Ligand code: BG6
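Okay, so here's just one chain, in structure tokens, the form predicted on its own.
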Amino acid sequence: MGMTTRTKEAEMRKTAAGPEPSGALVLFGVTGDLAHKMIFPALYAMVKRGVLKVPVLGVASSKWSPAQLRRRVTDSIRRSGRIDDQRALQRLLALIRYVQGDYNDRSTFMAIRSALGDARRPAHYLAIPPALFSTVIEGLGAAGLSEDARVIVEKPFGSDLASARELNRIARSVFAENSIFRIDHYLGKEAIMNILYFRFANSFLEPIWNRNCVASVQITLAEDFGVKGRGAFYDSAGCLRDVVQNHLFQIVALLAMEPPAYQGFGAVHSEKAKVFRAMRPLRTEDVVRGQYRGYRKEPGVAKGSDVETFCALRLFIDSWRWEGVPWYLRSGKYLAETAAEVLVELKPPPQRLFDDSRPVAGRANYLRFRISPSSAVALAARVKRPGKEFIGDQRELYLLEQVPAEESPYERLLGDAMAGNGALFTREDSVEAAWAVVDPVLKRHHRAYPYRRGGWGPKEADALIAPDGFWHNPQPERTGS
């Protein structure tokens, strides 16, 4: 008990004092697609809000002039939406500098050191291919650029358990764990943060949030488009590695975790890690892999590729709270909608007092979290129809809808990392525990089933969930299940 108290007091003192913010942002991969699509618009928004005032040092191997980079930044912001604040754009462009060099060359890191000047606690953001993570981290360490600094690493953090452990080992040999920020942009979404808040800010949920009342949980992350010219990357990853092991597992952890012991992100991280450790390692029969027709004709994709563009799985969490409750996860490309939703289906009443109170083909009561494209929380309950007969309908009560003008995930996460706030980032033990769950099926699995574009994946995914019901297919409008 004494250790717990001291730990709590230490974190509270640290929170009260607050970590010191970064004096510069070093953006590796500044000429790449991620920077163009996501990072530059986020930096522009941060400048508009007055939270980004430090130098942004872009690093890449491209032989660009500073003027070329500024044009690239301007084009990025224009494509993301209208430029509505010319002064903010000019302030951002004035903050940006450029260092060109090879990541394998020590002189590149010395040039970065020189360009940083007196800037303290730089945040090094690795928006680069995962194969270069170790090279850049070790280069930062060798050049003394890791001292009192932070490193922000894009997913995927490893491609299996062994590679994740090795990358963690290298990162920890250069940076302290509390200076390593592993980005999963899904954790920066308002709707994801609301899951955590909704669970623990309301008392009515806790009595039913367990194996006694929950029949099953399912999570769907669907996209109505394909690989969008990223065939080479996707063919090296696949759906299970790309979104299930990270995005969907993070949602599972927030839904399944125990109440944190105290107020602080360290407590949240610890409870999430316990969920990953309690997950039963996947078996071949727990996973259905699919591949949309025409995927093998995409540029960069191998002719006989068996990489999955769709993945559905059945998961169990061997904990006191969730013993025996099946969790069904699925994600895929070229599905019927672009949406992400969670459906927590409750068990029907134990006694059939009314003829329609125990559904035969429909659903029992449920709680639904809509994550994207809009954000909402809905509770489905049966209400009686007018008249003498005791029959009714299931209706949804909407508890929350999307708030306009919310921060983008990258804006929020970049700001937090530069401020030293690790609340929305993943921890080393969680990363490795999550990989341990999927590791058994990364190489030992059935071949991918072909599926047509515009549907909900291969029919084998329906057979996977059949013992416990049927999939909830997100709808484009605000409708019931």
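In this text the structure is predicted, and so the values were computed from the model without any measurement. One-based numbering along the sequence shown.
Separately, the form predicted in complex with the named molecule exists; it is not shown, and the next lines address it.
Taken together, the three residues His36, Trp64 and Asp75 lack any non-hydrogen atom within 4.5 angstroms of the named molecule in the predicted bound form. None of 238-246, 392-400, 298-306, 271-279 except one has non-hydrogen atoms within 4.5 angstroms of the named molecule in the predicted bound form; the exception is 238-246. The contact with the named molecule in the predicted bound form, taken as any heavy atom within 4.5 Å, belongs to Lys189 out of Arg330, Lys189, Arg150, Arg370. Screening Lys155, Arg97, Arg199, Arg121 for any heavy atom within 4.5 Å of the named molecule in the predicted bound form leaves a single hit, Lys155. The named molecule is not drawn, but in the predicted bound form it has a heavy atom within 4.5 Å of Leu221.
Under a 4.5 angstroms non-hydrogen atom cutoff, the named molecule in the predicted bound form lacks Arg211 among its neighbouring residues. When the named molecule is considered in the predicted bound form, Arg165 lies well away from it, no heavy atom lying within 4.5 Å.
Mapping the unseen interface onto this chain, Arg230 counts among the residues with a heavy atom inside 4.5 Å of the named molecule in the predicted bound form.
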